[in-house]
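Given as structure tokens, the chain that follows is alone and in the form predicted on its own.
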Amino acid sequence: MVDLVTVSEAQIWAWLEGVPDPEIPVISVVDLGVIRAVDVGSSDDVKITITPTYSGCPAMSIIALDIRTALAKRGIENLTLETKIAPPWTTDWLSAKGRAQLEDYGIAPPRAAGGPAHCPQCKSRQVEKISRFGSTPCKAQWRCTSCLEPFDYFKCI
């Protein structure tokens, strides 16, 4: 068991930065915006509030398990995970670092204007929507008409 007097909220956040999203492993659950709050209590307990990217997200059980595992490895024994669905998650909660990681991975990050700004592979602005449904419910399928590569676009929510 870790001494919570010496473990700060900032340290817990830093540890959570190392927990990848199971569907997009290049982005952490922190940069994805799924972690809403961290509270280090005075009686050997830590409470983490999480919000799913959408209602019924199948990855949330894996995310919860991965959070528990990562913190247990660091001696956090009394962990409470609270799921809050209000306010609902929005792509506005993605960090700038997370958006860059999505694009580097080949997934166009969300834009308020709708649709990707450019192809994440060749950066061409010549793109077209193939399907509003992608590899997961939070993504749509697009194609670049310059390099002809298909790519996922992370939908704005």
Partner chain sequence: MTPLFEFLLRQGDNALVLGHRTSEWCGVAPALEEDIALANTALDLIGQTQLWLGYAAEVEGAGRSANDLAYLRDVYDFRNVLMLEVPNADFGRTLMRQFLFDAFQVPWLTALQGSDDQQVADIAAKSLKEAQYHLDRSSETVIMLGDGTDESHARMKAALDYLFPYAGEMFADDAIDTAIRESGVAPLPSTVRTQWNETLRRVMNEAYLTIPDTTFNHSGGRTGFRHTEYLGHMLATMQTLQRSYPGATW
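Residue numbers count along the first chain shown, from 1. Quick caveat, the model's predicted, so the values are computed rather than measured.
What comes next is about the form predicted in complex with its partner chain, which is not displayed.
J.: When its partner chain is placed as it is in the predicted bound form, are 53, 130 and 134 each within 4.5 Å of it, taking any non-hydrogen atom of the residue?
T.: Yes.
J.: Work out which of 95, 69, 90, 61 lies within 4.5 Å of its partner chain in the predicted bound form, going by heavy atoms.
T.: After the contact test, the surviving option is 90.
J.: Verify the contact flag for residue 145: yes if a non-hydrogen atom of it lies within 4.5 Å of a non-hydrogen atom of its partner chain in the predicted bound form, no if not.
T.: Answer no; every heavy atom of residue 145 is more than 4.5 Å from its partner chain in the predicted bound form.
J.: Indicate whether its partner chain has at least one heavy atom within 4.5 Å of a heavy atom of residue 11 in the predicted bound form.
T.: Taking the distances in the predicted bound form, the answer for residue 11 is no, it never comes within 4.5 Å of its partner chain.
J.: Would residue 85 show up as a contact with its partner chain in the predicted bound form if we use heavy atoms at 4.5 Å?
T.: Output for residue 85 is yes: heavy atoms within 4.5 Å of its partner chain.
J.: Sort through 25-33, 101-109, 115-123, 53-61 and report the only stretch with a non-hydrogen atom within 4.5 Å of its partner chain in the predicted bound form.
T.: Flagged stretch: 53-61.
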